[in-house]
Every structure is written in C-alpha cells, then in structure tokens.
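There is one chain below, alone, in structure tokens, taken in the form predicted alone.
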C-alpha cells in the first residue's frame, strides 16, 4: 500500500469519514468501491516575495505549504451535487441540468450562496459554474469538504478550496495555467474578490521543496529550489480579515487611478509592470502623495522578485531574507496594508539569531506573517515572538512550521483505501 503523506492525512481522512457516513445515511453504500470515490487535496500558500504585484502583472514568488483542503466525492448518476462542509457545518445542492440557468440568474445565485456565513458556497459554486461554462465534463454525487488551512489568515484557503473542487470534479483535467485562470474567474465573478492569479497558480502548480517564480503577465513560471538549511514558519496573528470587505478593492482602485494619471504623460502603460524605479523617479510629482506611495511599493516589489530568485540560485539565504524584510517595510509604510500586530511579529522575529527575513503574507489587514529562517531555531523563535506579542496584544498567536508542498492532486485508490481503513469506518 502507498502511505499518504502525514500532512494530508488529517483533512483527507476527515473528508472521507464524513463522506462514508453520508453514503451510509443515504442508503448509497451498497457496492460502493474505492474506485467510486474521488479525493482531491490542494494546498494553501505563503508568498515570499512580491506583494500586491500579481494584479499589477508583475512577478511573485509563492510557496505552496502543507496545509490542505480536501474534497471527497462519491460519484453517482443522480444529476445533482450535494456539498457538505465540515468546517462550516453547512450544505447546499447544485443541479447539473440547471447550471446554465444559475449562471444567468444572479438573484437565484444570491439565494443559493448569499450571506456572510455561507461564503464558502460562492467559491465552490463559482468553480462548478466556470467549469460548466468551459465545457469541462462534471460528475454528480455526494461531496464532503474539510481543511486545515486557516480561514482569513492570508494562507489562501479560498484558492485551496477552488483548486480542490476543480481537481475533484474535472474528469481527466490537469493542473495548467488555464485551470488557474478558471479558478481565478470563479473568485472574481462569483465571490466578488478581485484577486490576481498568484494564489490559484501556486495551489495548482507548485512543486514540493520549491518556490514558484511566476510572471503574472505572461503566465510563465519555473519552480525554484529552496536551500536545504532553510525553513519556513508562519505566525497567525489571530486577526481575521476579509478580502471582500472593501479595503483590498480600494487598493486596486488606487492603482487604476494612478495608472490613468501616468498614462497621460508616459503613454500606453498597460500596468505598473511597465515602469522601473528609474522611470518612476521622473513621474512622482504627477501623483498625489497617497497614490505615489502605492505605486512606489508595487514597482519596487516587482523588481525584488527576480533579484530574490537569483540569490536563491546562489544559496544566498541572508541576502534573500533581506529582500523579504524590505517587502514588509514597503507593504507597511507605502502600501499601508499592515497592522501593529503584524509589525510586532516581524520586528520580534528579526531579533532571533537564525532568522533571515520576515514579512506579512497575503493581502494584509490581518492574518499571518511568514518567517524565513535557519532550521533548528523554531523554539527560540516561538518564545521571542510570543513574549513580544503578548506584551502588546495579549494571547492569540499560533505557529505553523511548514514545508514547501506540491500542488493539487487526486489521491490514488490505494491511498483512499488506507485512509478509509485507518478511520475505523
């Protein structure tokens, strides 16, 4: 038997256990074999370099991490998909024959997926609707979804959910740039989040032990090995944030406003990717102070990514770490998406011997910080950060010592059988 990696066992086992119970309760268990169950896993991600650069067609350097969303499907011929979320204790049903009607009737979609507490439905239904519109064959059946990617933390639980749904339901589909674009459309159109392409790309196409160097304009990419002596710790501040609450959208609007101003002088600039720091130096006076700061951050953040990739190729972890820290300072001072809780995590982490760099990860406004450090200093790191954080903000931190994981995939029948047997079902 093939043993599933220990990091996927939790989410996958929870999903399979619930699915098996649902199958029994609905009387569909007779004759159901592992070949009739599909189980997909998809990872969350942290971003090492780049920050609000993906929707500016720049570069990013995310790492898929070993925190996963798992989607288990018992395929049948019912013509409906019945979704059950363990983490949100919620369920809803889609009729395959009515997907085109649902796409065309926003009011009906809102009745199905409306409400803050049921936001997970938007991501799930959105992927199914986009797959149907793209003529990707869809299965029907019972579905159980479980995960251990913290929600609202900046580890992109939404992209992991989208990638897991896509992988579980697409017959013969592969992880491709086109698949990432489909999942991005689902989040943009149906969840109302104007995200860039980075999160979905990382969750689908990353490789184990590597960071993913992505050109968000051309959608070309390569996976870059992380040095063996390095490690990643993510510190969750406990401050939840919601991308659809307006602040993320305001940053995007500020960038569009700045571009409109700059185009009057510089000509047909498609995005901030087309400007270098040198170009910007001659245009800064054209922009109001706030917009100038936003643009300065994005242009600098784009430039840091290929520099960081070069440092990784040479094993220069300290110089790479310095770029990570520079990115945080820029996000905090110029893009203004940090908060005091994130700043104290970064500042206290940088005092620890063996820490190369630290920054907020995700969109900001709460969530997590990523710390790039030497292996073996985890205990000292936790102690120093906890002491500093509790002195200012009380308790609430959680630490995740992570590994660079592979992108979304289906589990084999042997893996599913082992998970099912070990669950005691």
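Residue numbers count along the first chain shown, from 1. Please read these numbers as outputs of a predicted model, since none were measured by experiment.
The form predicted in complex with alpha-D-galactopyranose (GLA) is left out here; the points below concern that form.
Visitor: Identify, from the list 67, 52, 373, 38, the residue with a heavy atom within 4.5 Å of alpha-D-galactopyranose (GLA) in the model of the complex.
Guide: Only one option qualifies, and that one is 52.
Visitor: Though alpha-D-galactopyranose (GLA) is not shown, can you say which of 344, 286, 197, 232 has a heavy atom within 4.5 Å of it in the model of the complex?
Guide: When alpha-D-galactopyranose (GLA) is considered in the model of the complex, the option within 4.5 Å is 197.
Visitor: I'd like to know if residue 362 sits close to alpha-D-galactopyranose (GLA) in the model of the complex, meaning any non-hydrogen atom pair within 4.5 angstroms.
Guide: Flag for residue 362 set to yes.
Visitor: Test of understanding: in the model of the complex, would residue 169 fall inside 4.5 Å of alpha-D-galactopyranose (GLA) by heavy atoms?
Guide: Looking in the model of the complex, residue contacts with alpha-D-galactopyranose (GLA) do not include residue 169, since no heavy atom lies within 4.5 Å.
Visitor: In the model of the complex, is there a heavy atom of alpha-D-galactopyranose (GLA) that lies within 4.5 Å of any heavy atom of residue 120, even though the partner is absent here?
Guide: The answer is no: residue 120 has no heavy atom within 4.5 Å of alpha-D-galactopyranose (GLA).
Visitor: Can you tell me whether residue 190 touches alpha-D-galactopyranose (GLA)? I mean in the model of the complex, with a 4.5 angstroms heavy atom cut-off.
Guide: Flag for residue 190 set to no.
Visitor: alpha-D-galactopyranose (GLA) isn't shown here, but in the model of the complex, which of 198-206, 127-135, 98-106, 73-81 has heavy atoms within 4.5 Å of it?
Guide: Of the options given, it is 198-206.
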